[in-house]
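Starting off, we have a lone chain in the form predicted on its own, written out as structure tokens.
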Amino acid sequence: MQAPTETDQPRTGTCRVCAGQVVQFLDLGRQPLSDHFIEPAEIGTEFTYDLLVGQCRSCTMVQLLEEVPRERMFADAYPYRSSGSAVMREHFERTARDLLDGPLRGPDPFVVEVGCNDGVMLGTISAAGVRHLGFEPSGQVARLAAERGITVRNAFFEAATAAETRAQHGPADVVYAANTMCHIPYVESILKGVDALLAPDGVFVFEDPYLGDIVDKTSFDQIYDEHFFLFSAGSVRAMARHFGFDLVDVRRLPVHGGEVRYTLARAGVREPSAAVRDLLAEEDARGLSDLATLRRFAANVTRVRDDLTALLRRLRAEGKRVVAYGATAKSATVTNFCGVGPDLVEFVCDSTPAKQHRLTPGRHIPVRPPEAFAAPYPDYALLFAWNHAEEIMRNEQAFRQAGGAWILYVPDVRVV
């Protein structure tokens, strides 16, 4: 898969929020499905698409210009598990407590989660005896949620399924989504579903990677097929107002490399918090919605690509062993945009059984279980799961003690 050339002409498209014109500012080349880890026999059969990123000139929403069908991304065997990290388990328990202490304090509250995955957040809700329902389209993780006692519906959340839920269970006090809303191009159907399902004073709470952090950190690997939208407070407020809601609260979160939790309510029901005003002012002051800012980000992405490939090629020439740590979905963007294959990285170690003994999407680097990392330790480890760096490095102190070094590429390429 080839990286784009300097002569490629930018494309335009139509905004999935407001139907304005979307102008391309970044081309990350031809890409495979980021979470489709393949068997060797499947080489040559992978689905690919152009990973082009643009901004709507009307509502400022940053989005992909090419949509991957949802059935391809979130199939039955979707391998990601929300509870796979101790940091994320703690985060979702705190999130559940926040909801229980806030909008779910009334009599007989009801919460619906869009994309509940293995039920890690709803587990705390369920243990508190609160009525709940999780929507999860991927069969395997939906079954895991059901096994832990979560009420789950194996379906996509949209206007029709939301209306069915309202008829069966009554209105929801909270609709919640984590790392899900940015996945969904058909935002009109989602917000119509939220409107149909929410109680009059209910709230829609969702958290996703924050465009401001992505730009600051040059974390271009946050851009892949599943992340159709890259949200900012300004673009979320415009989206909310377009569909009869308003942005009434925001909260910065440290997880997944930097996220924001957005709270929407129907227009006029709740007064926006000071946090909303402050973040909007910050975005305006730094020019986050300016196309020039996004083009500088694109230039930084190219610099990181060139620096990373130069380092890996030098280490190969010196006879050093390099393996990667964490077969993340976002690593597909790095390996395919930068041209990193098994000639530069020997294998990737990962704790997810569904990914082990398979090949990474597109570049076909073997995925091995964690014990392969120390058998023997490599000279260098390329940390794809950089958003869990603190947890990983704490668990892998023996690697450092054996003389190993980590390679990081966010916000720039360096060896630590």
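What you see is a predicted model, and the numbers here were worked out from it, not measured in a lab. Start at 1 and count along the sequence shown; that's the residue number.
The next section is about a form of this same protein that is not shown, the form predicted in complex with thymidine-5'-phosphate.
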**Contact check for R305, R321 and D412 against thymidine-5'-phosphate in the predicted complex, heavy atom at 4.5 Å** = no
**Asked** S219: heavy atom within 4.5 Å of thymidine-5'-phosphate in the predicted complex?
**Response** no
**Request:** Could you confirm whether K355 comes within 4.5 Å of thymidine-5'-phosphate in the predicted complex, counting heavy atoms only?
**Result:** yes
**Request:** Evaluate E42 for contact with thymidine-5'-phosphate in the predicted complex, applying a 4.5 angstroms cut-off between non-hydrogen atoms, and reply yes or no.
**Result:** no
**Asked** Does any heavy atom of T333 come within 4.5 Å of a heavy atom of thymidine-5'-phosphate in the predicted complex?
**Response** no
**Prompt:** Of these, 59-67, 24-32, 43-51, 346-354, which stretch puts a heavy atom within 4.5 angstroms of thymidine-5'-phosphate in the predicted complex?
**Reply:** 346-354
**Complete:** Picking from R166, H256, K192, R131, the single residue whose non-hydrogen atoms come within 4.5 angstroms of thymidine-5'-phosphate in the predicted complex is H256
**Prompt:** Among F243, F110, Y80, F297, which has at least one heavy atom within 4.5 Å of thymidine-5'-phosphate in the predicted complex?
**Reply:** Y80
**Asked** Quick one: which residues from 274-309 get a non-hydrogen atom within 4.5 Å of thymidine-5'-phosphate in the predicted complex?
**Response** none
